[in-house]
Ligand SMILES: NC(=O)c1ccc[n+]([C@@H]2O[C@H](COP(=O)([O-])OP(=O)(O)OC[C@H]3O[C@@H](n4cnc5c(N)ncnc54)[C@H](OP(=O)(O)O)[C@@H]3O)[C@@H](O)[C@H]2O)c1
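Quick setup: one chain, the form predicted on its own, written in structure tokens, and binding and motion questions come after.
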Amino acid sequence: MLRLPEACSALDQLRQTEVQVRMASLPQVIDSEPALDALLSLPSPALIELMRRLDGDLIVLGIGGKMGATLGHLALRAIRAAGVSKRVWGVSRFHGSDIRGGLEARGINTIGADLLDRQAVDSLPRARNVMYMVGRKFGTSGTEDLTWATNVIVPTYVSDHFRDSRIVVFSTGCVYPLVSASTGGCTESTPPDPVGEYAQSCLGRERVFAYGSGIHGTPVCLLRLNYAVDLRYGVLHDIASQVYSGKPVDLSVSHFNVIWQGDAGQHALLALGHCASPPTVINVTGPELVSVKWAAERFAELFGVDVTFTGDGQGQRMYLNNAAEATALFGYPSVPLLTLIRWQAEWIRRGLRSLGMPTHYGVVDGVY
């Protein structure tokens, strides 16, 4: 496994203290989008050290998604803090989006491209480090062909063009089988058993990158993520909004995983030091299996309201990941669950912006 051995001992030492320091300095409230974006993109000492030792530029494919801009800015801040010279490229179609100007203003070199166009992929700069964030989920039902093309054909082009790079691939915990909370969640050794065409196409994405890794020797890391949260969207946002508006909370799915998007970005970039051929697999999420009922009750306490439920919350099978491996590699997330809940409640109480993009965390039939 490619572990960037020069950096490993330094990163391990930094990891012993950095989480405690960052937790101690967390704000009580996040009261604006600029404050939120600044915290989401705040690099850890371990990430700064990795960028100091990492060779080559970085390209983020799919930077126009919910998490892409944050990750690009996080990488750039870490590079600048490290005092090294690396370019950060951001690739997206950028259709109908105002994100491009903000990325350019921060110093990220943007490229407008449709990655289903092989010539567009072949024209991209061959950066040494690739963050692959391209994917299609919502809207799959009825347009399954486009989902399969996006999630399988694009990786074919990318794995060939970036054969000499190291590639971190964003995947999903939906490639795992549905399990009960009593299992503790799926580990990296759990055999995939995707439900529905979206999840099947995501496994296809992983298989294509694994194939490219095998024939080219490309070091790859597959990140099975669920669920990252930003106060403008996410599982906690969905549950808190229901509680605040007086709607009953559905317990048909009784538990979930969650991780602060800033921590998910840190883990993803740090995974550049854990790419290998055959690919490494890492579950990225928080260490807790969170009860939907418990989370809803915490929000009700913070809002000073009553909460009602539908469903009995017993015996369900759902998407759950075990994050023990990621926690061992990267340390405990810097933002604890209760802090996330407190931040989320205050964000909604103040009427701050929502992306209006439900996560559909309760969907277990594979139809999106």
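The model shown is predicted, which means the values in this text are computed figures rather than measured ones. Heads up: residue numbers just count along the shown sequence, starting at 1.
Heads up, the form predicted in complex with the named molecule isn't pictured, but that's what we're talking about next.
S.K.: Among 244-252, 270-278, 113-121, 213-221, mark the stretch whose residues have heavy atoms within 4.5 Å of the named molecule in the predicted complex.
M.R.: After filtering at 4.5 Å, what remains is 113-121.
S.K.: Let me test this: is every residue among 232, 240 and 347 within 4.5 Å of the named molecule in the predicted complex, going by heavy atom positions?
M.R.: The answer is no: none of the three residues contacts the partner (heavy atom, 4.5 Å cut-off).
S.K.: Sort through 80, 163, 93, 87 and report the residue having a heavy atom within 4.5 Å of the named molecule in the predicted complex.
M.R.: Only one listed residue qualifies here, and that residue is 93.
S.K.: Note which of 170, 260, 256, 176 lies within 4.5 Å of the named molecule in the predicted complex, where distance is taken over heavy atoms; exactly one does.
M.R.: Exactly one residue meets the criterion: 170.
S.K.: If you check in the predicted complex, is residue 66 within 4.5 Å of the named molecule, heavy atoms only?
M.R.: Yes, contact at 4.5 Å.
S.K.: Considering non-hydrogen atoms and a 4.5 Å limit, does the named molecule approach residue 200 in the predicted complex?
M.R.: Output for residue 200 is no: heavy atoms all beyond 4.5 Å of the named molecule.
S.K.: Hey, in the predicted complex, is residue 76 touching the named molecule, heavy atoms inside 4.5 Å?
M.R.: Residue 76 lies outside the contact set for the named molecule.
S.K.: Taking heavy atoms only, is residue 158 within 4.5 angstroms of the named molecule in the predicted complex?
M.R.: Residue 158: no, not in contact with the named molecule in the predicted complex.
S.K.: Just give me the residues of 127-151, first to last, that have a heavy atom within 4.5 Å of the named molecule in the predicted complex.
M.R.: Result: 133, 134, 135, 150.
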